[in-house]
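Here you'll find one protein chain in two forms, each presented separately as structure tokens under the names structure 1 and structure 2.
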Structure 1
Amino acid sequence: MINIGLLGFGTVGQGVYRILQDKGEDLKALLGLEIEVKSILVRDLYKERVTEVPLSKLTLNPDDIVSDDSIDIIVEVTGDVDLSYRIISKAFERGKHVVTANKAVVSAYFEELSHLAEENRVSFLYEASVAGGIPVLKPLKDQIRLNRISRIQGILNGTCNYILTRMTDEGLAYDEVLKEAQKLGYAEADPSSDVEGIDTMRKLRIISTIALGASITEDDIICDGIDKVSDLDIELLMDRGMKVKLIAEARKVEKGYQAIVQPKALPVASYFAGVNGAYNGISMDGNYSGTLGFQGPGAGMYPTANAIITDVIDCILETQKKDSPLRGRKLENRNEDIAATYYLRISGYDRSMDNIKEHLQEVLHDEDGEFAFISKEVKLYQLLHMLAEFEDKPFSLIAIEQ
């Protein structure tokens, strides 16, 4: 018998519990052992939940779970950073494997937790933390054994992609679609981390650190979200044959790397423009593998729970190595060199803002103080510096993929 301690019983936790109930016999046949969810941590014992569970399994005390010697694997799906950091560390020290979907805690303590797991010879698996249901970390860990990855990029947030897709295809309003994404269980407890790009940035932090072999922390990544993208921006860019997507990208450049999360306008026929709804997509460029593409559900109860249980099976069958996948390469951050052609819309534009002129390539819209144009190729920092001079003027900045 393998006992699981489940931390969290929300969208993902309930998905894990349900699949384990449904597939109990098949898993027993596969593993030769039964899997039992022994205890479940929640904040409120009496909250109404769509999944029935015996009250005796629920606890408010995380130490009941981590101190229970009969529990072999902790599945952490709370979203809480401080609590999960404490419990995961303690679990490793007590010889328990940990599977988590919580990118916030993996991102914040990636190196420390990876090394602690390795030291204690236990598994630390977090496939569901990046791109929800898509198996991408396991193939990435396989590829870096042979390949040098020069670039990894992706659509890594289901909520943002769902919002942008419905705004583009159906002309729906941003707020309306965000509420639907919340109802469908895609969004974080605080959805500002989705729409401001923070969730995507944490996921880029995790995959880029593995892919490029150097620690790329949250502070090393330029981060923007979709909260300033309007239906006018989407329409003007669609008229030019481009779709707006929130793209995360880390690339090796001469003497270092660049890492950025930003809205990008992509040709409608491109790979990422074809990734729609709550789906995510990732591509990685290896020197031998060439470009590998992955696409699938980036959020949601069952796809995420599927990724978690696949990790649980790997813990039991020991089909993933317990060594940390992190390598200690030293790479210099070269974000100051990032340059592109940009779409820029400024609200409250007036003719006195003439320092725009040196960057202007083509005006797309000039009406009622809304001024939108395509820039010449320019360094991002230079453009942001110019925008800072306009202080209170709201703007929307979208990089254009050539």
Structure 2
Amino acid sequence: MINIGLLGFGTVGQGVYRILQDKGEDLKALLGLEIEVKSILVRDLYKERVTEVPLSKLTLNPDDIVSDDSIDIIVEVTGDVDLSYRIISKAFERGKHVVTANKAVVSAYFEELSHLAEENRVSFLYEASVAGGIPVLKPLKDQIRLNRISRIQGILNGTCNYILTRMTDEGLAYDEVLKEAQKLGYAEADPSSDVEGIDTMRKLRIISTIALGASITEDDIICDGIDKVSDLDIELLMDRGMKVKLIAEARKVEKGYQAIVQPKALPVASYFAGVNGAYNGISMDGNYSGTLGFQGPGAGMYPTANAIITDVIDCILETQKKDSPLRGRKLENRNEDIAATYYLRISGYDRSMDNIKEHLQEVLHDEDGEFAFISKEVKLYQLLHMLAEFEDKPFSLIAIEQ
């Protein structure tokens, strides 16, 4: 018997419970052991839930689960950072494996928790923390055994991708699509973590640290979101045969690395331009493997729960190494060297901003106080420094894939 302590019983937690109930006999035949969810952490014992569960399994106290010596694996799906960190740390010290979908806690404490798990010879698995239901972290860990990964990039937030897809396909305004996404449950009431790129940045922090072998922290990543992208931007770039996507990218460069989350205009025939709706996509470039691509649902009850239970099975079968995947490589942050051709739209443009025109390559729009153009190749920091002088002028900045 393998006993699981389930921390959190929202959408994903209920998905985990349902799959384990539905597939119980199949998993028993596969593993030779029965898997039982022994205890579930909830905020309200008597809340009405779609998924029925015996009251005896519910608790309000996380220590009831962590301190239970009969529980072998902790599945953490709370979304809370401080509580999760405390529980996960204590679970490791008590010799319990941990599976989590919580990208915020993995990102914030990646090195510490990875080393703590290794010291206690337990598994720390977090496949569901990046790209939801897409199995990408396990293949990435496999690839770094043999390959030098020179670049990893992806569309890592389904909310942003859904919004941009609707804006592109239907010509809708950002605010209109955001409201619809909130009604459909794709976006939270406070969508800032998604649309400002923070959620994507945390996921890039995790996959880039594994891929490049150096600790690339949240502070090491330039982060921009889609909240300033307008339907005009989408239209002007579509007229040039390009789609806008929020792209996370980390790459090895001479003397170091570059890591950035930013809106990017891609040729309509490119791989990431074809990743639409709430789907995610990832690609990694290895010196022997070449470019590998992964695509699938980035969230959802069952896709995310599927990734979690796959990690649970790996804990039981010990099919993933307990050693930390972190390699302690020393690489210098070279974000100051990032340069590209950019699409730039400025609202309320006037002559006081004419110094920006030194970077102008082609004007796309100059009407009703909106000035949009394609720049020459320019360093990102130089362009942002110039724009910072005009704080009262809203702008949209989109890198152009060459």
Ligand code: HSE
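This one's a predicted model, so the numbers in the text were calculated from it and none came from an experiment. Counting starts at 1 and follows the sequence of structure 1. The term rigid core refers to the maximal set of C-alpha atoms that superpose within 1.5 Å between the two forms.
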* If only one of the two is the form predicted together with the named molecule, which is it? -> 1
* **Rigid core superposed: residue 269 CA moves 2 Å or more between structures 1 and 2** => no
* residue 45: with the rigid core matched between structures 1 and 2, does its Cα shift 2 Å or more? -> yes
* Superpose on the rigid core, then tell me if the C-alpha of residue 74 is displaced by 2 angstroms or more between structures 1 and 2. => no
* Provide the displacement, in Å, of the CA of residue 191 between structures 1 and 2, taking the core as the superposition reference. => 2.3
